[in-house]
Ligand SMILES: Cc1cc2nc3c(=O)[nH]c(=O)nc-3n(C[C@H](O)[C@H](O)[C@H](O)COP(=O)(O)O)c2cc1C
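Before any questions on binding or motion, here is one chain by itself as structure tokens, the form predicted on its own.
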């Protein structure tokens, strides 16, 4: 049975373009993988806390020396990592905030990036432990940042997420952008519709692959 982890990161619960794109992706995914399991995670409504000193100290301890308090501090991180490990596919609705990701999404990133759990260090360098998965990032952006756009150098969102998931061993990271959302209503609607068309083409063309 295929499993999809569906992550929303926008704090806007009723108007977010990325939430509509994730909803479309999930619907298409259910058609492609009937009987599949969807794990929802809403980082916009319930963002993880930022890491503190005690939690980071617990991250660094071997399993056999963890105290009950350490395990309590690690519980949310363990749950989030468990969802990611269980998933064959991950879809993330990620509005661009200040040229990168939302603070709730960044807190999730910090929670799931753990040595020995999602990556390891070796004499030859770090090694990601989560290979074989596909990640689909659906963005909404006020301006234009792709291709030869004048604002392209300010796009720290896509490069950051490609690098981060690659560090975890996930090389198949795909982006669909709904840009120009801050230009005018017509541009916003047209570019959201184009993003939906790209999602439909992604599934029709077999871009979302069945994991053995």
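Remember, predicted model here, so these are calculated numbers, not experimental data. Residue numbers count along the first chain shown, from 1.
Unshown form predicted together with the ligand; subsequent notes refer to it.
* Mind telling me which stretch in 120-128, 73-81, 107-115, 137-145 gets its heavy atoms within 4.5 Å of the ligand in the model of the complex? => Within 4.5 Å of the partner lies stretch 137-145.
* To do: Using the partner position in the model of the complex, report whether residue 17 sits within 4.5 Å of the ligand, counting heavy atoms only.
  => Flag for residue 17 set to yes.
* Heavy atom of residue 191 within 4.5 Å of the ligand in the model of the complex -> Outside the cut-off, so no.
* Non-hydrogen atom contact residue 12 with the ligand in the model of the complex at 4.5 angstroms -> Although the ligand is absent here, residue 12 would touch it in the model of the complex, with heavy atoms inside 4.5 Å.
* Asked: Any of the heavy atoms of residue 96 lying within 4.5 Å of the ligand in the model of the complex?
  -> Within the cut-off, so yes.
* To do: Any residue of 180-209 with a heavy atom within 4.5 Å of the ligand in the model of the complex counts; write them all down in order.
  => Residue within 4.5 Å: 181 only.
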